[in-house]
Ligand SMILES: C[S@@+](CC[C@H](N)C(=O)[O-])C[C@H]1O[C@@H](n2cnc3c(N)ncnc32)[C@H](O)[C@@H]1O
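To begin, one chain is listed below as structure tokens, in the form predicted on its own.
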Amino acid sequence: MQKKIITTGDGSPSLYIQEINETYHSKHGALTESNFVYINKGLAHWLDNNNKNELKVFEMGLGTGLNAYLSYLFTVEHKITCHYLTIEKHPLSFKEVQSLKMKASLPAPWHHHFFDQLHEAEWNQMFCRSNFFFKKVEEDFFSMVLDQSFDVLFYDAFGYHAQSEMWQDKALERCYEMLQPSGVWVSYCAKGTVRRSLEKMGFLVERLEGPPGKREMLRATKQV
């Protein structure tokens, strides 16, 4: 599929796929959305509610690597150990990532080398920097085999109109199974059918204020 580079509302870049009328991030701000949804409402929320200095994160969809980079910064700042696993069925090439010039809008320029490293790292192999253990897997979400569970799950699939199967019960049930008790599922999505499906599975679901340009988002906690 052809991808077009766009500049989002906060000046950070993203990609637009015309065939499915979908962007990799919010048009109102790629960096702002990632920080708001996944770092502040995901990682920071988990840390505030757990007296631990180590966690496991699963990201549904590596995409441009923005969420992974911001997670690395968060764990360095808070001096915690993070085991980060992400899956991507259709990975971007390193050339496509470089063409975005994402680093120009990223915080902490002294860590920008890590952004390149996470894209240059071998697929299906563990890569470690500081206390951040990173592994990316090129596979389908429904067929992957896991031997671990997670504390935080970033659900960053494309929108319902583009990837409806990722918002159905089968996918959301898999998310529930992947999380540890009290684990947190977080997404930009606020669709009512998704919220009701999550509740049906046993999640405690919160409708939160969304990032700029979006009224609400969802966060779900696996009840003990």
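It should be emphasised that the depicted structure is a prediction, and the values quoted were computed from it without experimental measurement. For every residue, the number given is its place in the sequence shown, counted from 1.
Form predicted in complex with the ligand: not shown, discussed below.
- Contact annotation: of the candidates Leu62, Leu43, Val37, Leu31, the single residue with a non-hydrogen atom within 4.5 angstroms of the ligand in the predicted bound form is Leu62.
- For the chain shown alone, Glu96 is not a contact residue for the ligand in the predicted bound form, no non-hydrogen atom being within 4.5 angstroms.
- Among residues of the shown chain, Phe132 is not one whose heavy atoms approach the ligand to within 4.5 Å in the predicted bound form.
- Using a 4.5 angstroms threshold between heavy atoms, Gln163 counts as touching the ligand in the predicted bound form.
- Although the partner is absent here, His90 sits close enough that one of its heavy atoms falls within 4.5 Å of the ligand in the predicted bound form.
- The candidate stretches are 75 to 83, 122 to 130, 136 to 144, 104 to 112, and the one lying within 4.5 Å of the ligand in the predicted bound form by heavy atoms is 136 to 144.
- Residues of 156 to 185 placing a heavy atom within 4.5 Å of the ligand in the predicted bound form, in sequence order: Asp156, Ala157, Phe158, Gln163, Met166.
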